[in-house]
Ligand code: HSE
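The chain below stands alone, shown as structure tokens; this is the form predicted on its own.
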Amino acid sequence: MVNIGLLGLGTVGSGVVEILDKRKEKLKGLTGHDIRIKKVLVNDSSKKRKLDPEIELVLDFDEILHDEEISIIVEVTGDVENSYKYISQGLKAGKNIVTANKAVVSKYFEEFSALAKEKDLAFLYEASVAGGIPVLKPLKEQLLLNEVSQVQGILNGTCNYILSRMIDEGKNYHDILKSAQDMGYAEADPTADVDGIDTMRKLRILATLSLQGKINEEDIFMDGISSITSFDIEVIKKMNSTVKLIGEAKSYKDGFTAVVQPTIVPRDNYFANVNLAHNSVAFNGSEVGELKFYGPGAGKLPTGNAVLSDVLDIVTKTYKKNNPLGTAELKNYNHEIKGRYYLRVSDADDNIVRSLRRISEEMPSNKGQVAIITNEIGLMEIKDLLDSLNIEKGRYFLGRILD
């Protein structure tokens, strides 16, 4: 018997319960083990839920932590402060850990990975990046034979849903955001998604694994989509392109570049066809070449499936016990990033127009909303120029142009 302590019974937690209930007998036949959820940590044990009566609801984490029959803790709370306690105490108490919490993995990646190795336990987090897409396990496997030089992806379903509908329907950002919130694709407070924070956390995990050196959250240049307008969409469509929020990390010299940024993608590019709430991740290996992964980036059952894939790796002892993080000392070269960019500034006076004209190869509009396509220029040069002109974030939209 393999007993699980489940922390959280929200969207992902309920998906874990549902899949495990459906596949119980099949899993027993395939693994030779009865796999069951013994206890679930909840905030309110009086709330009516459709659960197996043998599953015990608890209000105190210690009831799971000190239960010697529980060997695996599945953490799907979405909380950062408490989940740090749950995971660190769980590992110290000899429990294997599975989590879908990208915020806590990103913040404490090295600490948890080292502690798991020290305790000879599993710390697995497949569901923390790209929801239901199996990408972290294949990445770890390829790192045994490959030097990975680049990883990039559409990593946030909320942003991709909003941008896809803006392109396809021509509606404005705020209307689509409201629709996404009504449909459950976006949170009531969408800041973490639309400002790029969620994508940045996932890129931090992917980049640190891929480049085998510590890349912190603050090492990643981050921009979001909250300032995009219908005007920007019309210009982008006239470029025979679409727009995606893409996170990308590359090896560069003796270090790396790492950015999360709206990206204007030609219609014939692979990422142009990743639409609505889907995600995609691609990485380049020295021997295998480019590998692409595509699928649902969130959702109860896809994410629950990713969580249980980690659980099965623990049950069948097929996960690799070594610490997957490398020890390379990597320098941050974001200040050397160059490219062509689309930049739109609203309410631009003559001084702003003159300044922008100096860096532009094309000016699609200079009436009220000034839009330019830049010459090849440093990303930080553009940001410095915007700062020097006192142009606040809400007044401009910046997207790199992918050739």
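So that the term is clear: the rigid core is the largest set of C-alpha atoms that superpose within 1.5 Å between two forms. When you see a residue number, it is the position in the sequence shown, counting from 1. Since we're looking at a predicted model, the values are computed, not measured.
The same protein also exists as the form predicted in complex with L-homoserine; that form is not shown, yet it is the one meant from here on.
In the predicted complex, A186 approaches L-homoserine with a heavy atom inside 4.5 Å. Residue contact with L-homoserine in the predicted complex: D193 places a heavy atom within 4.5 Å of it. Taking non-hydrogen atoms only, S210 never approaches L-homoserine to within 4.5 angstroms in the predicted complex. Proximity of A298 to L-homoserine in the predicted complex falls within the 4.5 Å heavy atom cutoff. Heavy atoms within 4.5 Å of L-homoserine in the predicted complex are found in one stretch of 116-124, 87-95, 197-205, 284-292, which is 197-205. Here is the short version: of L155, A249, I162, I225, the single residue with a heavy atom within 4.5 Å of L-homoserine in the predicted complex is L155. Residue K102 is the only one in 78-112 with at least one heavy atom within 4.5 Å of L-homoserine in the predicted complex.
Relative to the superposed core, L177 shifts its CA atom by 2 Å or more between this form and the one not shown.
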